[in-house]
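One protein chain, two forms: both are listed below as structure tokens, the first as structure 1 and the second as structure 2.
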Structure 1
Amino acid sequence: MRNVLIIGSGISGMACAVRCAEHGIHVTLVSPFSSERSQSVMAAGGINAVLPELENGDSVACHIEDTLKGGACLGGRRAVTGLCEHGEEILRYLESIGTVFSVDKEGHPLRRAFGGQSHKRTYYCGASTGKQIVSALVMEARRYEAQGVIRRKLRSSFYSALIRDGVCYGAMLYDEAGGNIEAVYADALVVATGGQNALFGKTTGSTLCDGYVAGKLFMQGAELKNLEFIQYHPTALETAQKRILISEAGRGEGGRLFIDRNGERFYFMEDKYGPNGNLMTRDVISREIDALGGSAFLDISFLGKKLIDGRLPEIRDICSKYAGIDVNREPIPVQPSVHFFMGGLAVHLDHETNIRNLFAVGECASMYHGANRLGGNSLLAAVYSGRVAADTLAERNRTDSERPDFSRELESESAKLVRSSETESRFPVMYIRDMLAETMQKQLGIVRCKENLMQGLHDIDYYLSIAEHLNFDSSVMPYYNYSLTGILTLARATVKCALFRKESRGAHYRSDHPERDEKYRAATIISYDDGNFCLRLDEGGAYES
């Protein structure tokens, strides 16, 4: 490979870009905004790894088993093994490029406990692990930008992929400054666009991660996997604009969940699961809170001001700034919120999709987390997946066969973009996006059932039926207008997957099918064929090959 086009400049996109540059591959890194505005900076808790000198009974084998168990046995063993075996290497790499991890008096990196894990193995940078990693990767990327190996293309968004006969040749990009669509050819396209937060409106993540790219690629032939597995984080602070994550670090340092019961504190997780109940996996805690009415309190005040200021300053500052809460004296009101998407583009071990030369990395790729992600594994997977894709590209020889001509497609799509401003409807695009979020929150919540899912499908089908005839919303950039159909299509695929899986496993809980069914011990694969949504179980493990 000589040149690669990467969509998304968060941790996974930058990790891929830097690794490609190390191999001498030229990279065009596309995003609407700078890396410092990516969702990656919001990751506060830490990154998992097993360091031999600090293992204290831990091992890579334990990390593998915890990840597989936490994922309800849907994570592929070979994929998870590769991820966990590279934990130490990735931690050392991040240190070498300037990531500043919190250390003890002897200079050893500090660890904290995270839910669903048998040992403390989550290393952190104060309360800003994601920010630290982003900053370090930005500096590495700038070195290669100065050499002309990496080129950033800001204020640009993905429009569609250039695909012909099952092979990807680059992408069409929407240029915000010029207001036009351009074709950018490349030997390979890597998608690093995060999850699909905008489908649900208010979440703990960035609405810039809206799922459009996955939805559009799905319509162009890329298969999707495990869309029904949506992680609700149990501790989020409700505000008018969004739900702000109260990091698992709060519970990792000893914080306790409770509800008020007749004027007394009832520590429900400890009562049901024992002393370590507050560190059960996120799906379990979220369901317990949901069953108790949907909200609870997290108390960290007893940990003491010194520990809170030293290890949990972000929680302290968030609660003070957005809710006027002094965590040294008051408990934090929390409720579950959509937080992470285990499902996404189906990829093989090398992170290539079913379309040749189309790769996906980071949260938009479904690979390591199975039915539920362990805290601390997302940052590890973001870096690891980017590097795996880059190494694959470095080993692949470029074929110098003639590229197809996409000029007709470019002309057609450009005309369609112009026509979208001439539609007439009483509904603006943003109104439908808000309605979609309401539908998804209500019908695809922590607990699902056939009746709710069918209602969600009915609502989305209506939104799709009018999507091409909506009022052009001049108050927003054209991206929000042209991306709607792709987002709605992804939403429909997600509900179809939830209906298809008639069992409860990990983050997917069906009240009408409350038990785990071994018949479904395989990934859900969904494909798109001329408007038809085709579902199957990946029983042969095709995406582990």
Structure 2
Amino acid sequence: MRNVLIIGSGISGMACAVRCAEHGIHVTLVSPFSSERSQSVMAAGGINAVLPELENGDSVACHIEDTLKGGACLGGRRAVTGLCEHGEEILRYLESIGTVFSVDKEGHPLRRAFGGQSHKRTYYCGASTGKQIVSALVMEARRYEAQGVIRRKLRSSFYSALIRDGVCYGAMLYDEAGGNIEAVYADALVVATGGQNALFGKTTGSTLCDGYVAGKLFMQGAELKNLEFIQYHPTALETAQKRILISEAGRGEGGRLFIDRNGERFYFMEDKYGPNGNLMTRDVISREIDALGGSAFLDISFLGKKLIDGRLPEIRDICSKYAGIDVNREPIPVQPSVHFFMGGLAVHLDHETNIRNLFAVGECASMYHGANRLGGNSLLAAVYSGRVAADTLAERNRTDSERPDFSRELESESAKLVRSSETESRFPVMYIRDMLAETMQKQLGIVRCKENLMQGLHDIDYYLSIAEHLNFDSSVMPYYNYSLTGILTLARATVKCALFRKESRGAHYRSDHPERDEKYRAATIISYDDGNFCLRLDEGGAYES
């Protein structure tokens, strides 16, 4: 292939762009804002890999087993094997482009323990692993930009894909500077647009991740997978605008979770799971906190100022800055928060969707993590998936058939946007996003049941019916107007998936079906057919094997 259009410039989009450029493929890299603003910069903890200087007893095979086990048997063995086997290569690559990993005196990268893993294999860059990787990739992408191989297109957002007869030919983009829609043709389209935070409003992540692209592509025929699996992080600090992640390191260093019971501290995790109770996996702790009313305290004060200043300065600073809390003296109020989406666009092992020449990489694609993701595996997957897609594109010949003419679609979509923008709504479009978030937080929480999910579906249908007739809200960017239906449709699909899976597995817990049911040991696939949502299990492993 000769030219590729990539939407999204976080770690996965940039990894794909740079690899394409290495293959000599010309790339147009689209995002509304620069890579420094992407959610990828927020990843703190680290990236998993098994290097030759491994912890005693560790191996790539252990990493594979941990990932499959963490994913509650829904990850595909071939896919996960590919991911884990490339861990070392990816870490070396990141080092070679200048990622500043934390190292010991001899210059060997340091690793830390992360939840759900049998060995220490999470390599890190201080407390800003994602940011350091982004900085290195930005510089590497810049090299190819200077050569004219990668062209960045900022202030531009995805509008829809150019698809005809199951083949993708590029995308329509909304150009903010010009205020118009344009068609950008390419031999292939790669989406790298991250998770779906906007469905839930306040999360630990970025406001730029809204799920619109996945929702719109779904409406255009792309299949989605495993949407019901949403990872909650048990310890987040609530602020007016968001939930700030309080890293697992706090508990790793000995921090204790408790709730207040009649003026006494009740250490609920230790009480139920023994002395290591505070280190249980994210989903278990989140469910325990949920059952106790939804919030708890994390105490690290007794660890001492020296340890806190030396090993937990980020937690200290976040608490003091955003909540006026001195962690040396007070416990931190915490609550679970939506953190990561295991579900997304269904892709095959080469990261192609069911639509030819349409690829998805990074968090917007559903792959590797099964029903629950291990900390440190998503950064690895972001880089790996970007490279896998690029390698596939390099090997593939261009579609011989002549490119269809999309000028009519472009004209009609442009006219639709102009017509809509000539109307004026007094009702802010953001209020519907807020209402959706409230519904999703309430009805698709840590513990679900049929009743809640049906109510959620009912609410979303109501918002969809409003969205259809809503006039234009000129007080926000047009993107917020045209993206609404796609976001709501994705939310509807998510609730549908949660209703479909009548069992509890990984991050999906149904109080009306609390047990795991081997009948459901396969990925959920949802497709859209003229307004109908069709569900099935991918029993043959057509996507991920």
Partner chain sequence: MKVKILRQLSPDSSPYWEIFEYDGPLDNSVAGVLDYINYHDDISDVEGNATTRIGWECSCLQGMCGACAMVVNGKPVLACETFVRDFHGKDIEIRPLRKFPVVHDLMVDRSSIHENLKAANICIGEYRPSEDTDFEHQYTAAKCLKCGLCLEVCPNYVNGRSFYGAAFANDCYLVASRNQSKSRMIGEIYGRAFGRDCSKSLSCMDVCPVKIPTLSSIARLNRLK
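From a predicted model like this one, the values you see are computed outputs, not experimental measurements. Throughout, rigid core stands for the largest set of C-alpha atoms superposing within 1.5 Å between the two forms. Please note that residue numbering is based on structure 1, beginning with 1 at the start of its sequence.
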property	result
Structure identified as the form predicted in complex with its partner chain	2
Core-aligned C-alpha movement of residue 456 between structures 1 and 2, 2 Å or more	no
Core-aligned CA displacement of residue 441 at least 2 Å between structures 1 and 2	no
Displaced residue check between structures 1 and 2: residue 253, CA, 2 Å or over, core reference	yes
Between structures 1 and 2, how far the Cα of residue 262 shifts once the core is aligned, in Å	5.2
C-alpha positional change at residue 332 between structures 1 and 2 - rigid core reference, Å	2.4
